[in-house]
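Subsequent text provides structure tokens for two forms of one protein chain, presented individually as structure 1 and structure 2.
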Structure 1
Amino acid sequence: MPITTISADFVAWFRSVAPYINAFRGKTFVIAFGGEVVADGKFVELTHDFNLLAALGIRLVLVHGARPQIERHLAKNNLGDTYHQGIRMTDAESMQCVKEAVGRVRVEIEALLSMGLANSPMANADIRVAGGNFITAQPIGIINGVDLMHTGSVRKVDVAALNDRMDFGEVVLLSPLGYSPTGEVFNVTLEDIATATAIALDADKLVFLMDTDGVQDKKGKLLKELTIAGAQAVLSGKRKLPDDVSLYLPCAIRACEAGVARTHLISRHTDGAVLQELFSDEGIGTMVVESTLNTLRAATIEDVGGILHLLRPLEAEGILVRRNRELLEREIARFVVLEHDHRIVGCAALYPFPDEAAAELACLAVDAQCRNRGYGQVILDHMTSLAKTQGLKKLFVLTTRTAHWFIERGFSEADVSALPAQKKSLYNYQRKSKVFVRKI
């Protein structure tokens, strides 16, 4: 990019990524993608993104699938695709096809990961790809009288060997195969390999690239964040889920329950989806976590900096009255903060007037990047119940610009004279704020 075209946006964007770069260095991510990604010719861009992650010091385990390639190979050899209860049956002949197809896909991936062309994002890249007998598998066995033969499941992951490779700065590429102590090879699903590996490595993230944008609700709206309970509810609901969701969401739950902090389900069709998911707060797909990342709590003196950061833009726009640091420090006990992913994204303060059984809700603010997520409502509900527990009967706000938001939530306009006496004497007539009141 020529220097002259570097915009302020670029600089702001680059700076915004710094917290993630710091947080991810030395962390272990397991990223799984189906053979479709390679078959579609989309793998080049994905390689560039993996290269970037590796360059940032992330310990990477890539897990590839080969389903379409195996199917093609079986068809070419006039071998049928036999499934029993959704699981592929692999006899000795089909196992031959599986080995060939998986081998080919693996070679193609290794070739792309070896690129280092000048004038490409891979310039100066020097990815070393590691492979080996890291996965021990066992036969799935006989289900309802049907022997699945060479179809296996993960029995053990060689964690020490994987960590050795990553300690050397190598990127591990796992194929959907496992070996047994008797020298047999088993056909294993990529999701089983990825999930078992993420759990065994105690990985920080497990990522599945899939056909849909993530998990959607009944109305087709993307669910950006799901707790284990939320994910279970999606699976036990009546609606028909897309195949990939039925395949990967249970894996996300399994990983999460076993201590993998975050599993991300993202689209394989969106260019740069991995980067968008990992290096933004909002992400682009669905993230499955043990419990919600939002916490609403009483503010402490350590939060003053974060609150100021949140309030400054609103003060500059004249939406909130300016509060200096000293005032904020003095009144911090009146504040609550809403944290998302350990970052303060909202706040509000409650000033009770017990003589009038009323309270002022002040300083209600939500980070501009986090609008339309319902955070304002969460804070308002919390402050309402806080006021109720103090025996107060009325909540009022003074606002110049956000009247509608409050009206939609049951507040109605009142005269300045309706304010508690003490507040009335402080009313700033120049600001011409409107007063809104709601019974609680």
Structure 2
Amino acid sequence: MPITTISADFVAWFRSVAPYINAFRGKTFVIAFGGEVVADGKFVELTHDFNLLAALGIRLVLVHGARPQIERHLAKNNLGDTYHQGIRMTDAESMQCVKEAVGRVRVEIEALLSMGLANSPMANADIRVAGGNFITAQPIGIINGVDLMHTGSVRKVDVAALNDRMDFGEVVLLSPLGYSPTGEVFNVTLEDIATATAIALDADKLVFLMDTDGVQDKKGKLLKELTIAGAQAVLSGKRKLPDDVSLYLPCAIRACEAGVARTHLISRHTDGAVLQELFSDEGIGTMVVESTLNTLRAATIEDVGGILHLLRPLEAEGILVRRNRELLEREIARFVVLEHDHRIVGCAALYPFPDEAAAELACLAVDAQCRNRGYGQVILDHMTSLAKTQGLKKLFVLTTRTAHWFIERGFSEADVSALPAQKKSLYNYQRKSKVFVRKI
């Protein structure tokens, strides 16, 4: 590939992540990962991503697990690994193994986060790791006659202490342990700690690294975005879900219901998964949100820049007639914009001709990265409804390249003479745009 092409691709990519960098600075992310990441030797790559997030001014809370390490310690000490209703039972001897395993994993993670090798992604890194008794736990107690002993659940999160550490620019590392006011230590699951911490901090994002790519539908297609209702429907369905989906999806629902803006379920096996999920519109996993991220609304003067960003490539190709900023500002009341996660991804304008009960649909555009998601249809349906509310009877468009798209949606080709008189007088015979009309 020519150097100029590589440079152009790099510049385009770097510019595309700028909105995320601006949006994420100063935000709080809670990222949870199992002990498998450390056991598999994959944590080195993950430290590079954490270093980048910290360098961008993101407040990080990392929550690690230690299941494989605990299992090895139990086996080494000839202790059984006993579960009751999917919950590990932790007696006094097992608890000693838990503490040893968690301590070793934590030390290894802190060592890797302390790297600063020259000519590596960690060069000049200054990650200071904070730890402490931030999690107050309580025993789960007796379930159906079985005492789970030192297995606990989160009772309280020390939000003030966590914020103090992050205010000092430190990355907080939480282990799967909790402490009681009586001085006891409890074995707590990483998902419980991560979810409770994200809720207590009112975090902007909660991220779970898991074995699968995310949540899939019945046909095996990855579900990129789920509302709370959609996630609950997945859980209540009859099909068997992967173990990690059954484990983490309820946590995602719980977090979003409690006010966490976004919860992401992504694969731990994909290098750079955290960056690909957080800094791209497509993402590579499943994002769970309270409600849909799409908002269709009337445009305002502040949207002119976003609209121009959508229209300029189409104008350069000759698909749309060029409109300058001044014209857009004057006609902004004619426009609607479609936002996805607060980013403008589509727009259109409606120009009514009330004397002839007609309206022109113009400037229908969708961001190139967001096509094939049905956004164009959503905008068309909205503009059709808007025209109906104004008592108009037909909708027409002028197009040079997208004839079939409109034909597939009920438009019929018509002669220029079918245009309203005012529009007909402005018709550009050099462009030779085709006219399509649909009754509404």
Ligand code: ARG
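Please note that residue numbering is based on structure 1, beginning with 1 at the start of its sequence. As the structure is a computational prediction, the values presented were derived from the model and not from experiment. So that the term is clear: the rigid core is the largest set of C-alpha atoms that superpose within 1.5 Å between two forms.
**Student:** Name the structure that is the form predicted on its own; the other one isn't.
**Tutor:** Structure 2 is the matching one, since it is the form predicted on its own.
**Student:** What is the rotation of the smaller rigid part with respect to the larger, given in whole degrees, between structure 1 and structure 2?
**Tutor:** Rigid-part rotation, C-alpha based: 13 degrees.
**Student:** May I ask for the C-alpha shift of Lys434 between structure 1 and structure 2, in Å, based on superposition of the rigid core?
**Tutor:** So the C-alpha of this residue moves 6.0 Å.
**Student:** If I align on the rigid core, how far apart are the two C-alpha positions of Val366 between structure 1 and structure 2? Answer in Å.
**Tutor:** Its alpha carbon moves by 2.6 Å.
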